[in-house]
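Take a look at this one chain, the form predicted on its own, written out in structure tokens.
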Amino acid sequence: MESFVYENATRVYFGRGCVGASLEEAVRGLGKTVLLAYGGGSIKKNGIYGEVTGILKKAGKEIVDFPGIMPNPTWRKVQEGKRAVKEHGVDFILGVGGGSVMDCCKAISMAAATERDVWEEYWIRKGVVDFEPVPVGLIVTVVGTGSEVNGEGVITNEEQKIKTSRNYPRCNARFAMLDPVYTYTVSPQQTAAGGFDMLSHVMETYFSGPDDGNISDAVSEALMRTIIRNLPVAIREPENYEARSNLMWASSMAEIGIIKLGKRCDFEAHMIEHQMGAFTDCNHGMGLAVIHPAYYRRICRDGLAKFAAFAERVWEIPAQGKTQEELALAGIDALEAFIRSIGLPATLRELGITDRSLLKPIADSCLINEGGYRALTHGEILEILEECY
């Protein structure tokens, strides 16, 4: 394994009833006024909003509602959050939702703590965070991104047509609460999309060097098997606690940093999907499902041994009678079949992207990641998008 330094500042509360048992304790000492951030209002329908606000009021907190955080949160919404923090003297931010809510909260926590142009100085380029962001706590209701256990935030600038992510450890949430019961009401489609997002995070780490039998790859293989086994169950049986809890922790494990230790990491498929999202506002997990098989067929010969191992150890495809290349391609076929089996789209048109003229500007705007087995060209990215169309 390569050398690394690891830290993670987020305290995780996991399990049935963890919010009721621990939220009052977790917010103690974080100030008087809380910005309660959430999405479209589903937490009001399923009772989570009432439970959370009741606990906050019991703890003596003043609540500033901040609803309406959209999928693919925008820089405009971050600025709106910054104004709310300033106007109401907010002491800390509590995000209740999925990855979009969590990412937006972390970006707001930075933007509200400095007068610098956070988009230009911290998202367009990597900056040094020499100030204290507003403290953040997170309650997860949709799994997939793993944003609850890292400092990463993915934000879209609609005017610039740029969707990009940065990971600043100072943006790590002070605490994250993961109650699998809170995910019971997530739709089968979004459960599938979030599940593929977490599988994608593991694959993007796994399919990169070094390939020396390191423990990170062994953990990744176990996580991939866990996701593949439990995701269809959660889609079929929304209130299956075992499946939901395994997926919830697998999502966190995929992005807590453990499996990335000593790895270079790829994430080119994420770079492509980010720009698809910037131009079309498509669903993140669904976009990844469309891109991954075509991308992996493009690069598998550059990491043939690892793709063959993926087929044999994750999909349990027998190696006997197959060349290494045949085995590698069989693993990608199994991935594509799995995507179909959980109801996710396999083409851009199925995803809702029907304007073929967008493909070249999407390809031309993609960042090229150097961590994979081979760096793509913008021309190759366009070819992949054409194949996916």
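Note that the structure is a prediction, hence the values are computed from the model and not measured. All residue numbers refer to positions in the sequence shown, first residue = 1.
What follows is about the form predicted together with 5,6-dihydroxy-NADP (NZQ), which we do not show.
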Handout entry: Candidate stretches 118 to 126, 210 to 218, 304 to 312, 137 to 145 - the one whose heavy atoms come within 4.5 Å of 5,6-dihydroxy-NADP (NZQ) in the predicted bound form
Key = 137 to 145
Exercise for the section: Decide if the three candidate residues Lys77, Gln189 and Leu351 all line 5,6-dihydroxy-NADP (NZQ) in the predicted bound form, where lining means a heavy atom within 4.5 Å. Expected result: no
Completion exercise
The one option of Asn72, Thr226, Ser245, Asn172 with any heavy atom within 4.5 Å of 5,6-dihydroxy-NADP (NZQ) in the predicted bound form is Asn72
Exercise for the section: Tell me, out of Met203, Met177, Leu94, Val154, which residue has a non-hydrogen atom within 4.5 angstroms of 5,6-dihydroxy-NADP (NZQ) in the predicted bound form. Expected result: Val154
Practice task
May I ask you to state whether Gln160 is within 4.5 Å of 5,6-dihydroxy-NADP (NZQ) in the predicted bound form, using heavy atom distances?
Solution key: no
Handout entry: Proximity of Tyr182 to 5,6-dihydroxy-NADP (NZQ) in the predicted bound form, heavy atoms at 4.5 Å
Key = yes
Handout entry: Distance check, Pro345 to 5,6-dihydroxy-NADP (NZQ) in the predicted bound form, heavy atom within 4.5 Å
Key = no
Practice task
Could you confirm whether Ser100 comes within 4.5 Å of 5,6-dihydroxy-NADP (NZQ) in the predicted bound form, counting heavy atoms only?
Solution key: yes
Completion exercise
Contact check, 21 to 41 vs 5,6-dihydroxy-NADP (NZQ) in the predicted bound form, heavy atom within 4.5 Å, ordered by sequence, gives Gly39, Gly40, Gly41
